[in-house]
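Single chain ahead, written as structure tokens, the form predicted on its own.
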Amino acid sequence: MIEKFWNKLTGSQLCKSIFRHGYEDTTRNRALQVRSNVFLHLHPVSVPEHAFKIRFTWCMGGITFFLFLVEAFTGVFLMFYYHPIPEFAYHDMKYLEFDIPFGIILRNIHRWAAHLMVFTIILHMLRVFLTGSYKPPREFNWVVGVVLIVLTFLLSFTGYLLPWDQLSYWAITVATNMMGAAPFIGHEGPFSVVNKYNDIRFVVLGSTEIGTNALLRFYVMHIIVLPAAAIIFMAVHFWRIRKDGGISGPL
């Protein structure tokens, strides 16, 4: 009786006016559904069985992308309470931690997700290397992945100065002094062709010392330039995974 009612309903003019055609559960129709859906089209039409095995994929790429989303989400809220000015930056951190409800949780989620993101992207690159996923036809995507890991390191590096405490100040001092000793582009390095007013350290800090210019440059790089570049390269990375036939097979 139910089947008879269902057939009558689906054969009515009302149903046909809403659903223009019937649906046949075929491989082609399933593929068309995936490709025409704004969310599902990010995934391939078919996924090989080994791609579901955690011991093969480690799921580090997906976890890294998830942590990037966490960083972006929590970073937007942190921006409401932060001024990239030396006189305010440290006090803004303390105000956020001790006066804003759940502020210390928000900041620690952002900080620990950043540490985890560096850790998971290293594991992701290690998995790709060990499974030979850098070989043709995926060599271009391997290069894109190398760019992404460099961007992740730069995001971590630029975010390190923002709390403007002793740890961050002296860590950036050591790192930028090492830049000043780089060959050719550092004024203290071998074969130097620049001076302290136009070498790589000056470009990064905007001055010969760590101060207002350095904090503002690190802030802009951290919240705009580097995230935008990471989003572009991640889009290319995901697109190439699709075009290269999905995840690589076992060696």
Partner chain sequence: MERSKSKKHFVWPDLAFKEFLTIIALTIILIIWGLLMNAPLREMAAPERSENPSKAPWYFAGLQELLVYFDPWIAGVMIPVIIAAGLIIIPYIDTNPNGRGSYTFSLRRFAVINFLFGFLLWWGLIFIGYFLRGPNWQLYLPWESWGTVKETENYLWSLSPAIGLVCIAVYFGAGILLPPLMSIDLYLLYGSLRYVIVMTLILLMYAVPLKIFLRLAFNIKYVLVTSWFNL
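Keep in mind the model is a prediction, meaning the values are calculated, not measured. Residue numbers count along the first chain shown, from 1.
Another form exists, predicted in complex with its partner chain; not displayed. Remarks below refer to it.
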Residue-level question: is residue 44 within 4.5 Å of its partner chain in the model of the complex, judged on heavy atoms? yes
Proximity of residue 59 to its partner chain in the model of the complex, heavy atoms at 4.5 Å: yes
Closest heavy atom of residue 197 to its partner chain in the model of the complex, within 4.5 Å or not? no
is_contact(residue 76, its partner chain) in the model of the complex, heavy atom dist at most 4.5 Å: no
Of the residues spanning 57 to 72, the ones with some heavy atom within 4.5 Å of its partner chain in the model of the complex are 58, 59, 63, 66, 67, 70
